[in-house]
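Only one chain comes next, encoded as structure tokens, the form predicted on its own.
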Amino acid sequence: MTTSYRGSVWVMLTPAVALIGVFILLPMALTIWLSLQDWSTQTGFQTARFIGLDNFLEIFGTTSIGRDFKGAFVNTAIYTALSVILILPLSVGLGLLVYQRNVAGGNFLRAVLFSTYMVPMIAVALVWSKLYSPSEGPFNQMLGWIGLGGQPWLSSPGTALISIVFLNVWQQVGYFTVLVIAGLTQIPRSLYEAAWIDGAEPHQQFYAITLPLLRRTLLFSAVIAVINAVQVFEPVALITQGGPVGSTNVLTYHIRRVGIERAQGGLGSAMAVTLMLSLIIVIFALFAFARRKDEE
């Protein structure tokens, strides 16, 4: 009976495992192999020449290749950190607002928030590029109504990256709000009733009950937010093309530019492997931080 059960499990798992191997594991292995090669994307794999870690030494070196890569790496780190820092508190606040039983139109608000996530990023990028327009954009017009001067938004190195962050937060926050609402539904109402009987104020209930019991949900949200943020590509490719002065040149766009436009497949693969390893380290750090909090 046990042997038959195990056999049926493997039969059901085989298609999924095969798809994961073909579309995820195999490309990852190929990228790692290419990162150790001198290879042009305009030629076949048979022309690749093994050079060891030279590609990694070059992207972390002092040449223009190294400077451009490190600039893109820093931009990606800033973009990711700002996105997560803004998305998580906003999703918690909106989740609490929608989840309140005495708020009229909660289901409608939930649908509106989630609908932003359903809009394709390409459409979001095109619309927000118009909103950020220096002369005709609604944002600068609204600033003029309150007596403030217009902002350069996407045309200034000091504001371009944060403008892309705001775009990402608007598009993503609805999805994470739904995750928070799902986490809130798992918290027993009896805990709040007991705290209310003991005289706990709403803010005390939030810090003593809601936030600790949402920790797992927030950990999952943080991991997904980080993964989504490091993959940013469409807004940069459609709106800024990495400018101005490289201020929005994130790693995914830079890897495309190096690996495809410049046909430096080995260097591009080394950059992709570095991004993958950095992402793994960040995710492990998040889990380690959450585990330490649980132990405390």
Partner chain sequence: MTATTNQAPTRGLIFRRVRPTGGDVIVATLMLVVVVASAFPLVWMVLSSFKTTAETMQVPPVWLPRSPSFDAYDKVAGVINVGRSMWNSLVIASVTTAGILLTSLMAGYAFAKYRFRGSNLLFALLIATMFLPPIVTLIPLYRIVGSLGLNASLGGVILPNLANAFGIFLMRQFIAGVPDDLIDAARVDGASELRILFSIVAPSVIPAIAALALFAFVYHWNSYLWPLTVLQGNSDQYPIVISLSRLLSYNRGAMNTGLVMAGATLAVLPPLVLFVFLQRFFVDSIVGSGVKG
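Between two forms, the rigid core is the largest collection of C-alphas that superpose within 1.5 Å. Because the structure is a prediction, the values reported are computed rather than measured. Positions refer to the first chain, counted from 1.
Note that the form predicted together with its partner chain isn't included here; everything after this is about it.
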query: Contact flag, residue 64 vs its partner chain in the model of the complex, heavy atom cut 4.5 Å; finding: no
query: Close approach of residue 120 to its partner chain in the model of the complex, 4.5 Å, heavy atom; finding: yes
query: Partner contact for residue 44 in the model of the complex: its partner chain, 4.5 angstroms, heavy atom; finding: yes
query: Interface membership of residue 50, its partner chain in the model of the complex, 4.5 Å heavy atom rule; finding: no
query: Interface residue in the model of the complex among 150, 157, 138, 89, criterion: non-hydrogen atom within 4.5 angstroms of its partner chain; finding: 138
query: In the model of the complex, the residue from 169, 161, 113, 82 that sits within 4.5 Å of its partner chain by heavy atoms; finding: 113
query: Sequence-ordered residues of 232-254 touching its partner chain in the model of the complex, heavy atom within 4.5 Å; finding: 233, 234, 238, 239, 241, 252
query: Post core alignment: residue 16 C-alpha displaced by 2 Å or more between the shown form and the other one; finding: yes
